[in-house]
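In structure tokens, one chain follows: the form predicted alone.
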């Protein structure tokens, strides 16, 4: 399998916009409405990593890890061989103490403990090209005070950047305070916003990819569809404005 110094999302359309890809150590914030396709995007990102020879770590907070196994299988990606080879690591942060997975996080209410366990898992894969997905990070932060959330972001993202971890953190729209989301977004290299648009009778899925510049998020907006076989497909010739 090919190994490259740059990484792509594995999403048709978006990767044409990210012409130079992403460097390891970059951090992607994904914000989106419930049901819009954030986990599908995570599956695309992992599938791309597996095909490129990367090590992929997926921390499942909103569903059991088995849901991602089944999702990848719908992409014709069987997970057993990758898991056995240590190329795909599924971490259960959903079932907590009832988990039967090899890797699990049992106390989601303590951010310091989560960060410590996350570092322990990452430490097992030093010197690898690692993609890390937390789906969704907002679930972990729901009950934490604002100052703890911001300190957690700063210290965690600094560590991940220093260790060249290509990170995708997923946030469900509306779970965290807007002010916290705005401040946190400045700490990420790339921001992806996914939401429903159109009319109630004819809803469409919309996606923006960009960065925060001069205190403002600037990005063009595109429509996208979800294929049960290929995942997210962005029509980058159907830009709908900024």
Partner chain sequence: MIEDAFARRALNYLYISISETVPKLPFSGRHWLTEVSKGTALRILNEHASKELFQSKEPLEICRAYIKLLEDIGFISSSKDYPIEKLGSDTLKITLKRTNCIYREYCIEAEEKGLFFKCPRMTSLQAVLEWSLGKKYDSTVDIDREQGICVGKLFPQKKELDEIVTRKDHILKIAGRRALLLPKITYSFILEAIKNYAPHILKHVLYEAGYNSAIPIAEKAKNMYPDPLEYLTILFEELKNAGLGEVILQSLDTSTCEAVIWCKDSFQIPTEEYETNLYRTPRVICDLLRGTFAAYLSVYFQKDIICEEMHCQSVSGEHCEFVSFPLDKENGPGGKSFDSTRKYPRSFNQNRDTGFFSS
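Computed from a predicted model, the values in this text were never measured in an experiment. Positions refer to the first chain, counted from 1.
Here the subject shifts to the form predicted in complex with its partner chain, a form of this protein not shown in this document.
Quiz item: Is it true that 15, 81 and 85 each have at least one non-hydrogen atom within 4.5 Å of its partner chain in the predicted bound form?
Solution: Heavy-atom distance to its partner chain in the predicted bound form: all three under 4.5 Å.
Quiz item: Should residue 115 be classed as touching its partner chain in the predicted bound form when contacts are defined as heavy atoms within 4.5 Å?
Solution: Looking in the predicted bound form, residue contacts with its partner chain do not include residue 115, since no heavy atom lies within 4.5 Å.
Quiz prompt | Residue contact check: residue 77 to its partner chain in the predicted bound form, 4.5 Å heavy atom | solution = Result yes; residue 77 sits at the interface with its partner chain in the predicted bound form.
Practice problem: Using the partner position in the predicted bound form, report whether residue 182 sits within 4.5 Å of its partner chain, counting heavy atoms only. | Solution: Looking in the predicted bound form, residue contacts with its partner chain do not include residue 182, since no heavy atom lies within 4.5 Å.
Quiz item: At the 4.5 Å heavy atom threshold, is residue 34 in contact with its partner chain in the predicted bound form?
Solution: Flag for residue 34 set to no.
Quiz item: Residues in which of 104-112, 156-164, 142-150, 67-75 have heavy atoms within 4.5 Å of its partner chain in the predicted bound form?
Solution: Selected range: 67-75.
Quiz item: Here the chain is shown alone; which of 191, 52, 176, 40 has a heavy atom within 4.5 Å of its partner chain in the predicted bound form?
Solution: Checking each option against its partner chain in the predicted bound form, the one that comes within 4.5 Å is 52.
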